[in-house]
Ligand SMILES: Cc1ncc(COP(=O)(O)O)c(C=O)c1O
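The data below hold one chain only, encoded as structure tokens and taken in the form predicted on its own.
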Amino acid sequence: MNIAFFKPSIWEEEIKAVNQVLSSGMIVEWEEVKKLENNFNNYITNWSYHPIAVNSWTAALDVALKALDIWPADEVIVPDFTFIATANAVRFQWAKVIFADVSKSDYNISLEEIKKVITPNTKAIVVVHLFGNPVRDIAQIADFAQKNNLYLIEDVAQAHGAQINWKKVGSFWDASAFSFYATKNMATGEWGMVLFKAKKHYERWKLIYNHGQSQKYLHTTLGHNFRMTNIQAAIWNIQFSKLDKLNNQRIQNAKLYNQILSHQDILQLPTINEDVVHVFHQYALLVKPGSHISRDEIREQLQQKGIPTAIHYPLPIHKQPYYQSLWYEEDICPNSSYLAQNIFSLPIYPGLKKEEVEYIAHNLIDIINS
């Protein structure tokens, strides 16, 4: 059996929606974009934020930081164990990235780790709901940020629809940035969205993302072209109608994995709790220290059986060559370094069949016990 690591959940409805936009001639930003902004804002925040759709997640976080007035003298706390774009967006402002370590248990940033690295120059905290798993103490982090006059930004690139205590992530404080890249839980291509809590930040954002125009051909600030198109929005609006169903399929696949793998002592499995909705952008496993077989040996033997895996992420950000060139110390975040050496991900996408999950899990057990 040969299994794909990922397949996009695109069907005839998405193709039809794109054709309708092409036939209409309204292919730039228009009604489909406004529809998606309103629908997603209502879904995440019950209308309490201000949404703007843009052409990539990187643009979303970049301009969010600009709208929040992050400057070169400022420090922004970022988890070390995530995709590099989170930190890069801070560097686009020429601000200093302060890396916080993550937990070995859920791979997320915590208030405890944030407090270790905060300084008088800290202006913002970026939390990442990694792999679709909400940061458990996000409410406490939000309260801490408010009391210390810090901006809190949620990186929700991998966690559309995830919840903690029945509240959707992306709705906890000042701004949140979502990705709708092809591999995400909603696959629409290369674009993103920002939700702002304060109207003044939203208005600042609107200027920056459209050439700094306060009205047509009147430019009051330096801006970019970060607009998205009606074509992308048409795909999104169909995908959005399926989001909860697609997330549930991921969750069911994860539950089946956990059920089959529950007695494999060398593996740390993702935790599924009643008060948290983990939407499993990735199903990540950790090979425990002192195990008789390594992460890389497991992956190699799975590949021989037609089972692909992935490593998210093979290097903590502070060890990437660019950040090493900025004089970051070699081992400032030991948990992140440990995870990078021992974590790997199994296929989890919605179209993965029950028999395929079982095939993957049972082969993994055979490899561990051989």
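All values derive from a computational prediction rather than experimental measurement. Quick note: we count residues from 1 along the sequence shown, nothing fancier.
The protein also exists as the form predicted together with this ligand; that form is not presented, and the subsequent description refers to it.
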Candidate spot F83, T86 and W191, all three touching this ligand in the predicted bound form (heavy atom, 4.5 Å): yes
Check each of F40, W57, F344, Y49 and return the one that places a heavy atom within 4.5 angstroms of this ligand in the predicted bound form. W57
Heavy atom within 4.5 Å of this ligand in the predicted bound form - residue from F144, Y181, Y202, F240: Y181
In the predicted bound form, which of the stretches 154-162, 262-270, 209-217, 291-299 has residues with heavy atoms within 4.5 Å of this ligand? 154-162
Look up in the predicted bound form whether L285 has a non-hydrogen atom within 4.5 angstroms of this ligand, and give yes or no. no
Taking the shortest heavy atom distance, is Y313 within 4.5 Å of this ligand in the predicted bound form? yes
Whether A187 contacts this ligand in the predicted bound form should be assessed with a 4.5 Å heavy atom distance threshold; does it? no
Verify the contact flag for V128: yes if a non-hydrogen atom of it lies within 4.5 Å of a non-hydrogen atom of this ligand in the predicted bound form, no if not. yes
